[in-house]
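Single chain ahead, written as structure tokens, the form predicted on its own.
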């Protein structure tokens, strides 16, 4: 049986099948919780395209006989890459410490790749030391199996080194994907710590420029900062509605909306989040809640 990076085709097929079905199941349940705001649906579309293409057809097949599902399933389990301009490269980031503003300024699309997949973890466990955290093992599993387009199509990974496990990951995953470590100081209280991180960012800039073929300028950096800043503002407004009791939206749906940020250009995510905030504002004025007053409060 042919192998790729130590993974045979049968393992890869089973991995795709399980990962896709798990993602389809979670997204289906999240959408069915309470009343999903209309403006939140595009975020779910992004997640479905990223982790389980043809999710509606798979959901329909789950109600058919096992033989029919197995026969048709292989044609459906094809995950898609993120939606972005064809001339824009994807830069994978393995933690929030990588400034998305810099990636946008270099003419690329940042894609956050921290993973929580147990299926991927079980594969990464064979390549990462036993005492490493599940997140690191899951990322390594996706890197080895080569079944997730959002990771496979990244031309470069930036791995912040925040612990020994992340340091190990930056070294090991470099065997399957071009990876650059970004050393992050443990503290930011002193000017010396800030200087260390700034030097790392200045070291990262020419790496990004070489990868994209575009130069980071004051203008492009300002555009990147404004783009991310607008997204952060809409997020802050969204969290204000999220803290209200009774709730205007299910917590599981909230997490899905927030996670979609990792796979959308920041400007498009901010535009759609603004629409969602307007819809939640309308729900509040109409007293349209999805929970009781006795529900737990999240601050």
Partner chain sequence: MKERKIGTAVVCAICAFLIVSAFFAKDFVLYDYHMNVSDYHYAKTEEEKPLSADTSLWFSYGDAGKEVYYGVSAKVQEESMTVYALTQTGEVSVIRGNENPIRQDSLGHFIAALPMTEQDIDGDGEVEKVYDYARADFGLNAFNPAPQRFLTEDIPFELVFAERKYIMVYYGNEILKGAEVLVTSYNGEKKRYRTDEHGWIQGLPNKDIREGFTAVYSPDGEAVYRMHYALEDYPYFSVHFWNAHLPLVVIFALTGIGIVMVYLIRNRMERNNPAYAIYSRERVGIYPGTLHQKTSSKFLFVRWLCLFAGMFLWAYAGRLIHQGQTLNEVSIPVFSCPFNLDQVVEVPCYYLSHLPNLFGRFGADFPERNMAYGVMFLATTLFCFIFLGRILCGFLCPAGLLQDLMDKLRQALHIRPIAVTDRINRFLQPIKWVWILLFLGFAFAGGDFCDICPLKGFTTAQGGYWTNLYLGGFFAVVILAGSFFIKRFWCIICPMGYLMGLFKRFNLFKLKKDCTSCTECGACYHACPMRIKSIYTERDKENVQTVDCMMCGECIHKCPEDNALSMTFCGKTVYKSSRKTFMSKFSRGKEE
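Residue numbers count along the first chain shown, from 1. This is a predicted model, so every value here is computed, not measured.
The next section is about a form of this same protein that is not shown, the form predicted together with its partner chain.
Colleague: Please identify, from 26 to 34, 268 to 276, 244 to 252, 44 to 52, the stretch that has a heavy atom within 4.5 Å of its partner chain in the model of the complex.
Modeller: That would be 268 to 276.
Colleague: Quick check on residue 223: any heavy atom within 4.5 Å of its partner chain in the model of the complex?
Modeller: Yes.
Colleague: Give a yes/no on whether residue 195 approaches its partner chain to within 4.5 Å in the model of the complex, heavy atoms considered.
Modeller: Taking the distances in the model of the complex, the answer for residue 195 is yes, it comes within 4.5 Å of its partner chain.
Colleague: Please tell me whether any heavy atom belonging to residue 215 falls inside 4.5 Å of a heavy atom of its partner chain, as the geometry stands in the model of the complex.
Modeller: Close contact exists here: in the model of the complex, residue 215 approaches its partner chain to within 4.5 Å, heavy atoms only.
Colleague: In the model of the complex, does residue 209 come within 4.5 Å of its partner chain, counting heavy atoms only?
Modeller: Flag for residue 209 set to yes.
Colleague: Looking at 133, 184, 205, 95 here, can you tell me which has any non-hydrogen atom within 4.5 angstroms of its partner chain in the model of the complex?
Modeller: Checking each option against its partner chain in the model of the complex, the one that comes within 4.5 Å is 205.
Colleague: Taking its partner chain in the model of the complex, which residues along 177 to 193 bring a heavy atom to within 4.5 Å of it?
Modeller: Residues within 4.5 Å: 188, 189, 190, 191.
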